[in-house]
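The chain below stands alone and is given in structure tokens; this is the form predicted on its own.
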Amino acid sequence: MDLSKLKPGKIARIVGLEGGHGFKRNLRIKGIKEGKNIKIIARQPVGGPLVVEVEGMQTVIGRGMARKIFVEEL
């Protein structure tokens, strides 16, 4: 499933990133890469961005980006 479908508070492992080199580089700079655990901290209403946590660090990503991050719930 993609990250945008994960419920807040649930933990998942990142299994794949779909997109170009620039997109993947941008995510990796934020610590979002395959094999890492990720958790949604908050969802902004009406299609707004998601606040996520990876390795104790929080960052904000848009829903479009979240749809390109594939995870499996733990």
Partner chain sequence: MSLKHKNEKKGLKKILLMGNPNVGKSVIFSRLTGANVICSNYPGTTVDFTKGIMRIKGERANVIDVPGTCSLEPVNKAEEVAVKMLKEGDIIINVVDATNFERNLYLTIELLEQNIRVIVALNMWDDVKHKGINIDVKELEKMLNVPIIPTVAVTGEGIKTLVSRLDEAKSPDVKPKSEEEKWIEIGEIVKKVQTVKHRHHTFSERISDATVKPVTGIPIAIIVLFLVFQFIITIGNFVIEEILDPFFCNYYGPWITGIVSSFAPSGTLHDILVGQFVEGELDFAQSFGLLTTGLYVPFVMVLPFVTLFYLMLGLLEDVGYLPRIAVLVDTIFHRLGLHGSAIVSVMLGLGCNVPGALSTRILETRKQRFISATLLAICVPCMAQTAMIFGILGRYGAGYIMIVFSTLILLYLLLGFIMKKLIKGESPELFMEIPPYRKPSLTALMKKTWMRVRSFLVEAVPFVILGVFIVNILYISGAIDILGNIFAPVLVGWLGLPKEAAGALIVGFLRKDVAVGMLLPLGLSPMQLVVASTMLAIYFPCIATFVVLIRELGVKDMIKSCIIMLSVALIVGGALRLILLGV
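Everything quoted here is computed from the prediction, not taken from an experiment. Numbering follows the first chain given and starts at 1.
One more form of this protein exists, namely the form predicted in complex with its partner chain; it is left out here, but the text below deals with it.
- In the model of the complex, at least one heavy atom of Ile61 sits within 4.5 Å of a heavy atom of its partner chain.
- When contacts are judged by a 4.5 Å heavy atom cut-off, Met57 counts as touching its partner chain in the model of the complex.
- At a distance threshold of 4.5 angstroms between non-hydrogen atoms, Ile14 is out of contact with its partner chain in the model of the complex.
- Contact annotation: Arg25 falls within 4.5 Å of its partner chain in the model of the complex, judged by heavy atom distances.
- Contact check at 4.5 Å (heavy atoms) against its partner chain in the model of the complex: none of Met1, Lys5 and Ile38 pass.
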